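This document opens with one chain alone, in structure tokens, the form predicted alone.
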């Protein structure tokens, strides 16, 4: 893919790139919608990602090309404003705006990106684009940006330019991933640790092809309910509460009847998820993959019952997975409302499980889902800089 986009860059712009960066997508393994509730998440950078190639222009014009579509968006480097057409460009335009708070951007640029993360699959192609563009442009302009600051720049681009109030999970996972390990992030302190998975674990990415559009308000509505619940518990409990991370399930059970019903229902999911992540870490430390997988099934049930961010296609896969020998756990991954299921299996069972899931999905929906083996992989990095 890198050779493909390098050749396309040369042909389109008439000169080679000077900087290239790569950023992977991510799979969320446990801890759904806990990032903006200051909780914990277990995730992994994956073996699908995006390349961003860039070189300086001779003036202040920025030319940005999507390598798969060969569609181009232009803007002035000094006035990075959202666009209403080819809105994929907004993720990069937002990153440019964020970098300008870090240093000078004296010239425009010519840039092209190309990735293989399935769009709408819940694997965060948007964050991968934000991070690889951020790393490449920072190198182009000679900026030294702390990784967490780079994650925040990507997040702000998503908030301000794409209209999605995401947490930092996607950007942090893309930046801090390591091969054959999960990333555990504390989204209060932003402490990041890596946890080895061992050789007897593999993940299947089961893409339903059901498109999830988080910008339509569903994601933002869930976040507003969580913030309202945190405000309620801050006044109702006799200990400090700044986010739902500070609330236990027993406290939720004691107060749920006194809350707005929908707010209480939504809050139960991230509260339970934070507890499941902590329990999951302990199970991984003991090498208990079956226990960890059981938590993944519990997580999906909570998405269905409380957060209502699943859909028929996702539920078909998880329900089938519960009955297939060799599946240790399965749950939706990412914001929800479509996208992908992540299933934990023993590597020896991956092919048999994938075949069984495809049969079950086709029987219900009339077409197969796409299934790939996910390998926890290295995080984002600059891979070529000829400055």
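Here the structure is a predicted model, which means the values were calculated and not measured. Residue numbers count along the first chain shown, from 1.
Keep in mind the form predicted in complex with ligand GLA is missing from the figure; the text below concerns it.
Engineer: Among 293, 167, 118, 272, which has any heavy atom within 4.5 Å of ligand GLA in the predicted bound form?
Structural biologist: Looking at 293, 167, 118, 272 one by one, just 167 meets the 4.5 Å heavy-atom criterion.
Engineer: 233, 219, 297, 75: which sits within 4.5 Å of ligand GLA in the predicted bound form by any heavy atom?
Structural biologist: Contact with ligand GLA in the predicted bound form is made by 219 alone.
Engineer: Which one of these stretches, 23 to 31, 60 to 68, 46 to 54, 357 to 365, sits within 4.5 Å of ligand GLA in the predicted bound form when only heavy atoms are counted?
Structural biologist: Single hit among the candidates: 23 to 31.
Engineer: Look up in the predicted bound form whether residue 335 has a non-hydrogen atom within 4.5 angstroms of ligand GLA, and give yes or no.
Structural biologist: Although ligand GLA is absent here, residue 335 would touch it in the predicted bound form, with heavy atoms inside 4.5 Å.
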